[in-house]
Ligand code: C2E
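Before any questions on binding or motion, here is one chain by itself as structure tokens, the form predicted alone.
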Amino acid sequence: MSVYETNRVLFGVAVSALTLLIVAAGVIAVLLYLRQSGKLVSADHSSEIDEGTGLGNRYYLARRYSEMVKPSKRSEYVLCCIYADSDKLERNFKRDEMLKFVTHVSELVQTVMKQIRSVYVLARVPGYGLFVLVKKDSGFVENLNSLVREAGSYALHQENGQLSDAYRTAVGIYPLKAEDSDIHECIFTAYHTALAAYEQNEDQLVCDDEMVAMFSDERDMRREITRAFENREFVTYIQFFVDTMDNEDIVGGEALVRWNHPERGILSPINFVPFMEKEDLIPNLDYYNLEEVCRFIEEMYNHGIKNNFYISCNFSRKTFSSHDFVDRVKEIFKDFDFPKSMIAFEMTESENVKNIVQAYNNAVQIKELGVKILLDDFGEGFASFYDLTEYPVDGLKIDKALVDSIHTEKGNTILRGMTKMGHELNMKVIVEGVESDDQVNELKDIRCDIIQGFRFHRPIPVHEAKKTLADKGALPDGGVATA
């Protein structure tokens, strides 16, 4: 081979190598562009991946929103939240099954998107749900009802599957507005729209301006409640019990919660408890109140309060039947030395308790600590009588509605029967809502044990309760500081 031919071959090889390098560089550039633009999620964006499902997370959604949706085009999009009660799924079927269901729903979304051939962003925000960012006119919203129904029938496709309400989903649709620069605000609104749909047993709801305003008010309320816990704005009031035969003898009381709001003053429970129930914040309040009550009893005990004195605490149905109830009570109790017979827990009838077995086990263990158990609102429902045979009850609190009918023949007969039954079962009978001397005289004749009501004592702050006990001579050492 001549030198010329050799050089020509080498030149050809060099050109081929250079071509390969150019092609490789082009591929790398494309991959880098895709990665940078967010169209390819890689390990470099691990902070944007939901660990449970492998989908994008809140931060992925936020980045894709800023990249995909131009400010002038925001009103052309909707953000849909597909909500399922993941906590309920995890309790019933464990975490792996919950994540399998979430993944299944995400696959349903992707199937719809393939059919309608639309550009979209799919992400999961744990505790909220799946989020789909898509154009309004894509056809996705029109497919949501069938998607929800398909998701709800998921259990039927499992081995020995049965239709279960735990797999129910609902969708909140938030049409974006031109001013929606913060996707996290949109996530919040879409989620609460989905939650409203779920609670109303609707497949989907579209968020309107009125709902946006309501969600904003609720968010403000949540912030205020968080601040109230941090600043200990919730205060304990005591409404004393008196002996029926000797109305001057204070034998105990019920602890009630008020909110000492920095701007609105003292708020009664009706102003905050319904919201806290909706937001699942009541357990926080229950344990907060228990700690305050223990502190009050400890102080009374250290000043020689008589042994038969006790304070009752209310617990929500959900708190009393929770699996960690006894452990959390013990954790609070360990910091106090007073005899636990000086505190009583009021429980509502089991008809309203979702986990009856757990509530029963909790009642038994609490009783073993020395705590009294009172059956609250007795006579309000049929389950009360069942509870008498099943729970270790020390006393009955007869509902105010029965007291109001004490002057009627039937009402009087029912109260007599309940009092007699309670005594035969070795229980104290407490009658609440007593407001008149006539009612007091009837209750004396019936021989119930304890009276609670405005006739003798209204709910008062702890510092006033201390003074009242000192004035009544219930504290042998002459009283305590009331500041």
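This is a predicted model, so every value here is computed, not measured. Counting begins at 1, following the sequence as shown.
Beyond what is shown, the protein has a form predicted in complex with this ligand; the following relates to that form.
Stretch 266 to 274 is the answer when you ask which of 123 to 131, 266 to 274, 323 to 331, 99 to 107 has residues with heavy atoms within 4.5 Å of this ligand in the model of the complex. Although the partner is absent from this view, V434 contacts this ligand in the model of the complex, with a non-hydrogen atom inside 4.5 angstroms. When contacts are judged by a 4.5 Å heavy atom cut-off, K88 does not count as touching this ligand in the model of the complex. Contact between T419 and this ligand in the model of the complex is not found at the 4.5 Å heavy atom cutoff. For K367, no non-hydrogen atom is located within 4.5 Å of this ligand in the model of the complex, even though that partner is not displayed. Although this ligand is omitted here, in the model of the complex none of G253, D394 and C448 has a heavy atom within 4.5 Å of it. When you look in the model of the complex, the only residue of N362, S138, T189, S316 with a non-hydrogen atom within 4.5 Å of this ligand is S316. Checking L205, A84, I282, M300 against this ligand in the model of the complex, a heavy atom within 4.5 Å turns up for just one residue: I282. Of all the residues from 285 to 305, those having a non-hydrogen atom no more than 4.5 Å from this ligand in the model of the complex are L285, D286, N289.
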